[in-house]
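Structure 1 and structure 2 below are the same protein chain in two forms, each given by itself as structure tokens.
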Structure 1
């Protein structure tokens, strides 16, 4: 028993287990005693808690390594919290905003086009789509919206006076209504700059002045001592053209004469094409002339053979010039042709004035028959016609589609001109002191400029101007440095006059007839077809591999591959034609099924 008792005694003393070091994730709930030792029960609990904490920490460290890491996409954003975006991708754009910034229709790539042309058209299409989407996304940054004048209950807006509007609005807007009493040299023709900041006035008796109409600062004032028929700003507010009694003159913003163009004589009306740098003039001798102001060269001189040309307007969409004639017709002209593109019979009497909207879709005309007509230029058909008791001598359209018509000394502004019903009731009306000679809406401002026999009047027309402007194209607040940079870029991007035509979208299409004629001439000159693919010539191989039999086998193999590609292409074209025919049939049927459709195969 003693031996057994001796055996039970351990030969090695049990060492006390070391307490593991505490980690930052452990929370010490027990406090050590002053002697430095913890109670046994609390000590065991702390050891168990430490082991559990170590196990959980190891699991946390090993958990991402156990399984394969999820692959991250290239465009997927990485977050610090490693959370996924609940709404991945860009925010969807409403269809209405995309249609607002759409520029023309997409042209189909022709089948005969080469590989390089297809790639070029594809890249240009992708760039235009990107620009459209970006413009639609940044539409949120344009918070300004156009407003209109609204009367009280039962009050008609056309009876509201300009003095009442100027008193009701703020001081800055009220200062836009003013009158310049210039009774000695009238009547006056006027023109606003492209940015809408500067005003150019030209009196019939030789008085020419240009001012910053918002600050009322005078830039220059000269008397040319000669009859002035028309004035027009050029590409910037640093130069302007004056059509005097005999010749055409170019002045700078200080009133210094820069050029006297003697080839342009008896000029009555002028229009400036800003993207082509062309000054178009209509003369009393019936000539339509184009002057390139960037190089000072006459581009075209077209005899219209229509008599005196005193009615002229440009289409801002395609840069085509519209001329009104004494026989009631309106003709459309391009510098590339010596015959009119289109001739329209608009009135029974002579045409007095013309106006076109900024989209180039609608045209408004007035004639001696005292009728006001609205035409759709896409179909060359009148939308509606209205009768004015005294007729309209001057017309002008604003950026938002308001029409101003001058009858004697009264100016009337009409709303909803493109509607189905003819205009009957004016939106606003204003009476001036003398006979109205010129009308022009100021760009990006709710202001209508009126030139008359007693000077100039500025009229407030709420809702006339575009509230948001493109600072890269026309910035009213640009400095001299920005103007210089814009002028250089505009000259580099200048369009050639050969591109002016009725349909600007024709530039992206292929002239198939011209291509075929040039290709035929090239074949006759060279003696072979350069577009025909070269015949397959097998290479010479070593070690008896270039025997006659192996060469023929290789030739047949290549021929079979080419033949298979041709057959595949023809089958695809046939299927595409069948699909187009089926779609046309469905459109013709209108989706309505008849009882006889069961007998169709």
Structure 2
């Protein structure tokens, strides 16, 4: 495994001596001597591999029997050259890689399980292990490596100018650093489409434009002649939503107004949940609303009662909406509940910005108290906080975990945000012409988009984007036909808003609610107890036999049954109480304990 790093040539060309191709089993000493020169990406890799090698070694030590033992059969044909395979069997997979593909914990076989259940569990476990192994082995075949930036000795990466980077890299990558000078319609909000190909810009004074930013093709450009608060792509690049002064509008990629949704007023921020086809909006009136864009229906309108909502972010792991408030709290919302799922106090002053990572583990917040805090939102615990002299007005997290924070007209990018110590030194920094208003990393690219008062800047941030995309999920190179196919598939798989909750894997877990709890819930929902035995109601009889007296008489006939139950219950309760009393008394009396009492059960 350790040699894979050597085999892959880094993208920046350096003159190298030609070496004979190494086989993966051959030991190499060159790595150590070369270690100092290696770029970080490779260093990381080699560390990882060393760890993995340790892991495998440990495995071997632990159980020589379990490991992939060379299976020799008697009739196994030997090689013509009479050589034996020095590493028989499958190539071991490093532990770390296997862990990456592990889903949940392995189910335990209950001791009292029958033979059939045990067999079924065993076979399902072996199948899932096989799938995990195959996925881990597939890692080698991934075509691209992540980008990186490293200074020469003594050189600080945060002082490297964007122009220098653009000069150093190839032409196509260099073209990803560009500025759009749009000083008229000032500060710009932006959004990249899910595939990362298309960019949507919305100027505060009504300028809305969408661009295929890699080819620099202008798709449309309109002025809506109204204040624009936020812009958002919907599920494809064919439609986008614009939150304007009063209402929410939906345009197509030619700039034609498709809908004006008057149920959504004074929208300040929007988030699109791509798997649920929901557009979540937060308004100045304190309403959090959900619009199902596939059927055009409002799913939920939640009055948050928290005042003006201008900080909003979605958790891509579980589609929960995070709202930041002026009193320093962050609240978590799902469309199924009118109260927040969680409310956490994050800052002394108002919350200015929020960012969430794609695994749904970490949340980064910045507030008016000029602090930058990192939270673990599985445990709702702060990891660390740092003080930024000017405070961050916008935050954004990239797919590979780089954090960008805008303070005034400077954008800083931090690395290792969820390390053990708080961030201190930025990885990169860039100054733009005006106050930063919107920040977003482009998915699957090493690019950070910055919307500011004087237009838009695209900044190269090496190592930000996920190098290998999954074409069935989001394919930046898809053609129109593929997009249509994907749209149909995605609509078929649209998740219902009822499934939004803190744990998206809840559906695969066993509902272990007991009979009592379920019964109690049922009683609450229905308003009566469906299991309660019906009260005796005498049948109506003809010919005067249903007179009040005879009815009472008939009732009396069965009255003792109910009475008997009541008496039985009360007697039982009495007995229980008495028993308890006696026990207590015994305990009190038995103050003098003998030494042998400890063996009593």
Partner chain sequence: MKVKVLCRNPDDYVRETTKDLHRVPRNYDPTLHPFEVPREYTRALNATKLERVFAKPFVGSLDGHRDGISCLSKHAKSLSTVISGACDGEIKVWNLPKRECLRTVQAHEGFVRGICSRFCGSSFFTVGDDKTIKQWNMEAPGYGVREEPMNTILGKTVFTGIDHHQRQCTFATCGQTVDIWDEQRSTPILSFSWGVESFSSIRYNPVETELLASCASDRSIVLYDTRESAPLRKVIMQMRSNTICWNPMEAYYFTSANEDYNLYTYDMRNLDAPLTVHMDHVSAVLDVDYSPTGREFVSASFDKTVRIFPKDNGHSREVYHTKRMQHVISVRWSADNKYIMSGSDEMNIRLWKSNASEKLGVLSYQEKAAKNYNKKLMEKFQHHPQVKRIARHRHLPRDVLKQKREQRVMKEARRRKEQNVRKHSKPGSVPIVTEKQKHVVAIVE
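Just so it is clear, the structure is predicted and the values come from calculations on it, not from any experiment. Throughout, rigid core stands for the largest set of C-alpha atoms superposing within 1.5 Å between the two forms. Residue numbers count along the first chain shown, from 1.
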In this pair, it is the form predicted alone that is given as structure 1
- Query: Does the distance between the two CA positions of residue 524 reach 2 Å or more between the two structures, the core being superposed?
  - Reply: yes
Any chance the CA of residue 131 moves 2 angstroms or more between the two structures, core superposed?
yes
| Is there a C-alpha shift of 2 Å or more at residue 114 between the two structures once the rigid core is superposed? | yes
Shift of the Cα of residue 568 between the two structures with the rigid core overlaid, in Å, rounds to 34.5
